[in-house]
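Structure 1 and structure 2 below are the same protein chain in two forms, each given by itself as structure tokens.
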Structure 1
């Protein structure tokens, strides 16, 4: 599975088309616009968020919420988007063409600040190994009150 980190949109689109072809799936305008919108908005979207934004920006496009769900799942399976699950707020997606990071989330205004920490990443591997696990994935979210909300 290729990493899509820091691909241009053109390259990303080509990669997406490759994946579709390999799986005998079809390239549609709905799929294109979903990818394009995710690429150009680095926020973290719920399916509903993304659906609403696309409806607003492309009033002429016919698109249903089910297609957004389906496409986000497809993109996630192919590592083009990643998701974080935020308890009550549901699952949020973001384009995966940025390096791995975790999230610091404000419990008041829901702002999300991204961070990277190599030390923690290493410790995670150490701990998993101690427990006899092969680490495949991790979830690390820091909840708090952001500067503006304090």
Structure 2
């Protein structure tokens, strides 16, 4: 799979089913709801946040936190979700099925604000070229203190 950026939910679900099959894992409603919830939310989730949201939105669903952890790990390994490491606070996950963007991260409350900047993107390519690299991917995380925490 080259890129999932342009995949619809139906296409992404088909890709997920293939990944499960390749890993000899069953397709379950719990796993589908994890993918569906990530796909339909723009926020960044810790495993625990995602688990609590699913328990709240689907109270009849029997799901364990271990299923969330394992499914997120599988999705990340297969580039369907990406994560931001927050050190001892763990990781926050987001669906990778959206255009490239970078992140501002508050060091106090861990708030994450996405941003896009064409000038920064161009500068990164220029710097890579000046150093003899062809830029294939990057992750930019800017750390600071958000307005609410200042």
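Numbering follows the first chain given and starts at 1. What you are looking at is a predicted structure, and each value in this text was computed from that prediction instead of being measured. So that the term is clear: the rigid core is the largest set of C-alpha atoms that superpose within 1.5 Å between two forms.
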| query | finding |
| --- | --- |
| Structure number of the form predicted in complex with another copy of the chain | 1 |
| Comparing forms between structures 1 and 2, the hinge position between rigid parts, one of 79, 98, 33, 117 | 98 |
| Rigid-body rotation of the smaller part between structures 1 and 2, in degrees | 23 |
| C-alpha positional change at residue 140 between structures 1 and 2 - rigid core reference, Å | 3.0 |
